[in-house]
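We begin with a single chain expressed as structure tokens, specifically the form predicted on its own.
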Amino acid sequence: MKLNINKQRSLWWGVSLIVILAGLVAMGISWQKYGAPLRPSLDFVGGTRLQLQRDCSKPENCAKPIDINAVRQVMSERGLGNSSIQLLSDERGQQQGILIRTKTLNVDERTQLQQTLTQEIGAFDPKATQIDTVGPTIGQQLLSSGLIALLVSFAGIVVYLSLRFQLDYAIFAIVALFHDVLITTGIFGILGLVQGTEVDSLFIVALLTITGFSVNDTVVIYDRIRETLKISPDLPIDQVVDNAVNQTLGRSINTTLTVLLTLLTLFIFGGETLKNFALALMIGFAAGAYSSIFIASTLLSLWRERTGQSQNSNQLSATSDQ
């Protein structure tokens, strides 16, 4: 299989643009709804999260699925009507658990809430009960630290690629990284609206991991471009880029598929805590492989064609590597 990516680069850019715009629209709606571009978890906004599972060892306790309207009524009667309520399915696919995100509750308020819910929808298994409370200050610190780490990583990548290659290589690698981050955050924005998917501190970790994976793939292609320039400095830049992509295509596909299969296993068997983390990595790694091949390389080719740098830069690169 041989790709002629520069011939159809408008198609690749159009596909990315459509996905990114859909994500931006979803993030705009999320901002109106949640006050943030993505649906934030307790890690960022603070509050109390209760995960309760009905005790099915008791006779007739699990005879019927949990009625979410009954849960909402209980929450409203206790002045917690703005809480987020989500039904959870057990291993048999029956909805016998609930996940409640609400404002910060003290011990007495939590106990009273659990007692009322027990009276309305049945007894809960104390071994399956999970309660988390996070303060908003800690959430803001986590968000700030995560964003700073992301910006520092971007700056480090620009410096490294500028020294390792040239400045235009670094700029288009960063464009590809922004592409991957926007694709991932946009899809999570959509999932937050349609499925209630939340982002937590692990989501920031996932974004940092995505940038590392994506730029690694881009560097491999850039390396091959430079190697091709050294061997054939008179070739047009679009042919150089096409050749470099095709020479590394098998490696990119095999590496990405191997990682995605591992993450898919983590997504299925890793439990609720790691599920969204694995999902973010899968989306980001797939976007990273795509952007390395179809975005960073084609933008570099276009830039050098438009600025007339292809021949001069080819010869310069070839000379500098000798």
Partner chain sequence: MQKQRSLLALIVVLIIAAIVVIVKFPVPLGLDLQGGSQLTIQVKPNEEIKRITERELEAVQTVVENRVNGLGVSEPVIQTVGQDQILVQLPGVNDPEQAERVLGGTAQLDFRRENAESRAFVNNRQQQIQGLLAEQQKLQSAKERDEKAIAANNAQIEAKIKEITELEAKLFERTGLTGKNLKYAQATPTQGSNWSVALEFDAKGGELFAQLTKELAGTGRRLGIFLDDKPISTPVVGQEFEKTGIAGGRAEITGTFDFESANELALQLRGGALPVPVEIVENRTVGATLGRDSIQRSIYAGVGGLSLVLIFMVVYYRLPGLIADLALVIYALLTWATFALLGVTLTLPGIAGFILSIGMAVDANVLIFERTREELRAGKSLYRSVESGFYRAFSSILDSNVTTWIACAALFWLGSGLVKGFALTLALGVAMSMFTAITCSRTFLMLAIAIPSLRKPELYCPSLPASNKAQGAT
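All of these numbers come straight from a predicted model, not from anything done at the bench. Positions refer to the first chain, counted from 1. Take the two forms, superpose them, and find the largest set of C-alpha atoms that agree within 1.5 Å; that set is the rigid core.
Separately, the form predicted in complex with the partner chain exists; it is not shown, and the next lines address it.
Residue in contact with the partner chain in the predicted complex (any heavy atom within 4.5 Å), chosen from 193, 202, 71, 171: 202. Note on contacts: among 215, 183, 229, 113, the single residue with a heavy atom within 4.5 Å of the partner chain in the predicted complex is 215. The three residues 141, 153 and 285 all sit with a heavy atom within 4.5 Å of the partner chain in the predicted complex.
Although the partner is absent here, residue 279 lies well away from the partner chain in the predicted complex, with no heavy atom inside 4.5 Å. Using a 4.5 Å cutoff between non-hydrogen atoms, residue 120 does not count as a contact of the partner chain in the predicted complex. The partner chain is not drawn, but in the predicted complex it has a heavy atom within 4.5 Å of residue 43. Among residues of the shown chain, residue 234 is not one whose heavy atoms approach the partner chain to within 4.5 Å in the predicted complex.
Checking 22-30, 287-295, 56-64, 264-272 against the partner chain in the predicted complex, the stretch whose residues place heavy atoms within 4.5 Å of it is 264-272. Contacts of stretch 104-130 with the partner chain in the predicted complex, defined by any heavy atom lying within 4.5 Å, are made by 107, 108, 110, 111, 114, 125, 126, 127, 128, 129, 130, listed in sequence order. Comparing the forms between this form and the one not shown on their rigid core, the Cα displacement of residue 168 stays under 2 Å.
After superposition on the rigid core, the Cα atom of residue 39 is displaced by less than 2 Å between this form and the one not shown. Relative to the superposed core, residue 128 shifts its CA atom by 2 Å or more between this form and the one not shown.
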